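In the block that follows, a single chain appears as structure tokens, in the form predicted alone.
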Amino acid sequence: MKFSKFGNRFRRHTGARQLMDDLGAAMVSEEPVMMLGGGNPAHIPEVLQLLAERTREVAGKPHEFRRMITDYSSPAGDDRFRASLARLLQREYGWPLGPEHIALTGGSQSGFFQLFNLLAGVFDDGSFRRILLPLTPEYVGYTDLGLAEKLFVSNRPIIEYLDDRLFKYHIDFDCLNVEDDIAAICVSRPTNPTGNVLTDIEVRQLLDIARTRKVPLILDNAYGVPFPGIIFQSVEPVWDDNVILCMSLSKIGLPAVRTGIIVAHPDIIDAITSLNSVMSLSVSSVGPVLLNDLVETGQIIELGRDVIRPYYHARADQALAWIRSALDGCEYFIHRPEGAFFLWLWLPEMSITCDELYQRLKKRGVIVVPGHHFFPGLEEDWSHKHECIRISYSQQAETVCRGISVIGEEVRNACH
């Protein structure tokens, strides 16, 4: 079968495809698989109970049920949900916005595909503009979203060594060059894969740089505030008409409904709406109808603060203890877990690459994500890229514990 240039670009092997293939195979495998690689959120009992109750409530209201299941929404997304979210953000943060500042997409991955290709790539005058990622490692899902090659340029971080074999990445502002061909700056907060949370000072510096250069700052907030709120420290939420804030319903516990949220200047929202109408006519109303009352009342923020964040914070502490036990005597470092639900393990003395470690672990039924996938736009040959793996601690505690034990065994074998 012959494919177009577009087809060949998107059918090739990618980190995102590898990750999701592993996740799908683990879900249907008859053999026990320790799935420590995917981004699937935990099945938190309190969250599942709430979602079940909301489903029954909506099913018992014919008009709401029809709106959720049988009717198209507008191409910008469910109007009531967008209005409820605008009111929530006004109440909580005083942001001057309305429904015209909000669009929904078929998952945040789809939303980033639209945003990156709206803002960057080839322009009518023949020029080519790129997306700047000021800090790597960064989200694997960005890497292959461009319609054109080399859509991203990125920077190495500063590494701060902390106590107890922890470390933290910081943006190296002294080496951050925002060239004339930069169309937007993009960061995730918390960062997937590392759990790094940019400091308020770092975010303010990026805001100033973006305004000065007259480009938007894209903040990927899939794990952050206001929901699901998986950040283990106090941070200042930010938005203005030069910020594109991206959120999702997935990490609350609804990855299957595929609902991404973009909060931005109305011109950008209008463009996203046009893309939605061409690519999918409209977007799903299942998640928005299901959670509209929680957004309207602010209960969705309480759910994150009182249930979701404490759950993952406790799991992070437990996973840290298991890794320290499994790797006792080895040379390793762990990025300080500040949010999301991943541990980023750095193994500088292995005799094999992180991809080879991934293959060995996979043969033993443990799935992780090799770290070299998380450096989109970083062209230089930096050994650090091949020394790290991402471990999810969102699955059942017994599974995570057994998986980390196997990781410890394979790392020891690779260090001798």
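In this text, residue numbers run from 1 along the sequence as written. None of the values given here were measured: they were computed from a predicted structure.
One more form of this protein should be noted, the form predicted in complex with another copy of the chain, which is absent from this view; the next part is about it.
Proximity to another copy of the chain in the model of the complex, single hit among 378, 367, 347, 42 (heavy atom within 4.5 Å)
It is 42 that has a heavy atom within 4.5 Å of the partner.
Of these, 175, 278, 314, 201, which has a heavy atom no more than 4.5 Å from another copy of the chain in the model of the complex?
Of the listed residues, the single hit is 278.
Tell me, please, which stretch of 298 to 306, 280 to 288, 328 to 336, 130 to 138 lies within 4.5 angstroms of another copy of the chain in the model of the complex when heavy atoms are compared?
So the stretch in question is 280 to 288.
According to a 4.5 angstroms non-hydrogen atom cut-off, is residue 161 in contact with another copy of the chain in the model of the complex?
The answer is no: residue 161 has no heavy atom within 4.5 Å of another copy of the chain.
My question is simply whether residue 120 lines the interface with another copy of the chain in the model of the complex - judged by any non-hydrogen atom within 4.5 Å.
So residue 120 counts as contacting another copy of the chain.
Might residue 362 be said to contact another copy of the chain in the model of the complex, defining contact as any heavy atom within 4.5 Å?
No - in the model of the complex, heavy atoms of residue 362 and another copy of the chain never come within 4.5 Å of each other.
Hey, in the model of the complex, does residue 66 get a heavy atom within 4.5 angstroms of another copy of the chain?
Residue 66 belongs to the contact set for another copy of the chain.
In the model of the complex, does each residue in the set 46, 93 and 318 place a non-hydrogen atom within 4.5 angstroms of another copy of the chain?
Negative, none of the three is within 4.5 Å.
Sequence-ordered list of residues in 250 to 271 near another copy of the chain in the model of the complex, where near means a heavy atom within 4.5 Å
Counting only heavy atoms within 4.5 Å of another copy of the chain in the model of the complex, the contacting residues of 250 to 271 are 250, 251, 253, 254, 255, 256, 257, 258, 267, 268, 270, 271.
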